[in-house]
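Shown next as structure tokens: one chain only, the form predicted on its own.
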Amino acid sequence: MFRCIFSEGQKYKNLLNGRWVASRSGTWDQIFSPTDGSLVGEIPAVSPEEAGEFLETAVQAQKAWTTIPTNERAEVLHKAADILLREKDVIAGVLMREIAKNRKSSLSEVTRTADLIHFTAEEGKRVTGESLSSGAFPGFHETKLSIVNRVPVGVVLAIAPFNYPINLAASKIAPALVAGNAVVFKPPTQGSISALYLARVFCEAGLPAGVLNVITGQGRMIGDFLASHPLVNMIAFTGSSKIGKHIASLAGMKPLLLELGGKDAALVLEDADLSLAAQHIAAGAFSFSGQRCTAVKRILVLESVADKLIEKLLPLVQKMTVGRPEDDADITPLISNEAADFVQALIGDAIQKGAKLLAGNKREKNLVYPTLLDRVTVDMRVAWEEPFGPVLPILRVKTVEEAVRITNESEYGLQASVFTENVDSAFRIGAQLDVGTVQVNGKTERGPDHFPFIGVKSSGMGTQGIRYSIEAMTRSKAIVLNFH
């Protein structure tokens, strides 16, 4: 079991310069289970007055951490991944209670994160610089040699979301660490306890004091302070587009990696394998109750095959189990009643405007049943707004051009799927879609984690993915040798 002590009963502590500490103010935020409302635990509510110490100690720790050889930094990451796997059942249990993720998905998140950390440790060893000779440029002789290295940016502020508090924290922390940065990690309030378990993993793995500091509290209390602080050299954030844009407005000239919202469309063409399309769309739309930025959030299907697609899709939705995460239900409670209210409002708006209800539109507190809507039109909110819940609208289109137009009219540009048996059509349509990634004959999703993960428009800024994240968390530094 873990050797680092980070809690007293149900009160959890922050990680500050190698010590587990509570807030000096003595205030706490209570975390309740979305499933039954029971108290999962309490976390320190750190004030802006205290938050500066988390940054100051990180600055000092980073100076020593960056002098440690990359292979030794990588070894700490390997140890952390091994500990994470050892404790997968414990951490998965916390995920189930804190964010209502079912057992299978909780275990998958932990094991996938261990794989990500191992891969990151090895990839960090392969980030190298280059040398350039002046003789290659017109008018210059071989009198200069530029040696270009990758150096860490300094202190990375990592901010993770509630839906993947382990994986989407590690996808920021591990690349930053292996590159020689220090990290100040702000977990989501709902998800903080799971994230603190991840911090405890790095603590036990032998990460030096201050290289990873973890600060909890309400974003509205300390978020602006952290994002605008001059000791922060870079920000890596996953969350809503609204908050991402706010962070960007505060960041000034800090480099940003922003992973924001999406309205991912599945375009189903007349020659698509409809059975395959239905399976991928169902899984892509309703995994973790639709609480994923990469969830399939609307279907744009050619009118000629719409009924046939529904024949294959509807039974898959109807057989989904609904209930508790501990029972491994397919659909579990949403993160809050407010989230369920929003989803229900989208459903109600669509039905009131003439959408045909095929399944769902049933709710028990924050548990929303998987809902499938047909004959959705562009004047309905659900055609454009990101629900972050288990509702899937079907928009029938007359032409491929119409499907592309509707996809591109979204403010979001994360991913899209194209289902077709014609590879030429797939590439032609893919080139027209204004998104970061186009999936051909597969659901929209993040991963594998070494693939580039890209959002455009309101869906993000910068490219993530293990090597891409390491490169984003370093900068080029040149030393020029002059020969006389």
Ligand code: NAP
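Quick caveat: nothing in here was measured; it's all calculated off a predicted structure. When you see a residue number, it is the position in the sequence shown, counting from 1.
From this point on, the text means the form predicted in complex with the named molecule, which you will not see here.
Heavy atoms of no residue among E72, P152 and A236 are located within 4.5 Å of the named molecule in the predicted bound form. This chain is displayed without the named molecule, yet in the predicted bound form the stretch 259-267 from 259-267, 391-399, 340-348, 74-82 comes within 4.5 Å of it by heavy atoms.
Within 4.5 Å of any heavy atom of the named molecule in the predicted bound form lies no heavy atom of A179.
For the chain shown alone, E123 is not a contact residue for the named molecule in the predicted bound form, no non-hydrogen atom being within 4.5 angstroms. Using a 4.5 angstroms threshold between heavy atoms, L274 stays clear of the named molecule in the predicted bound form. At the 4.5 Å threshold, heavy atoms of G210 stay clear of the named molecule in the predicted bound form, well away from it. The contact with the named molecule in the predicted bound form, taken as any heavy atom within 4.5 Å, belongs to H246 out of K312, H246, R324, K254. A single residue from the set T377, S146, N361, S240 has any heavy atom within 4.5 angstroms of the named molecule in the predicted bound form; that residue is S240.
Along 154-177, these residues reach a heavy atom to within 4.5 Å of the named molecule in the predicted bound form: I159, A160, P161, F162, N163, L168.
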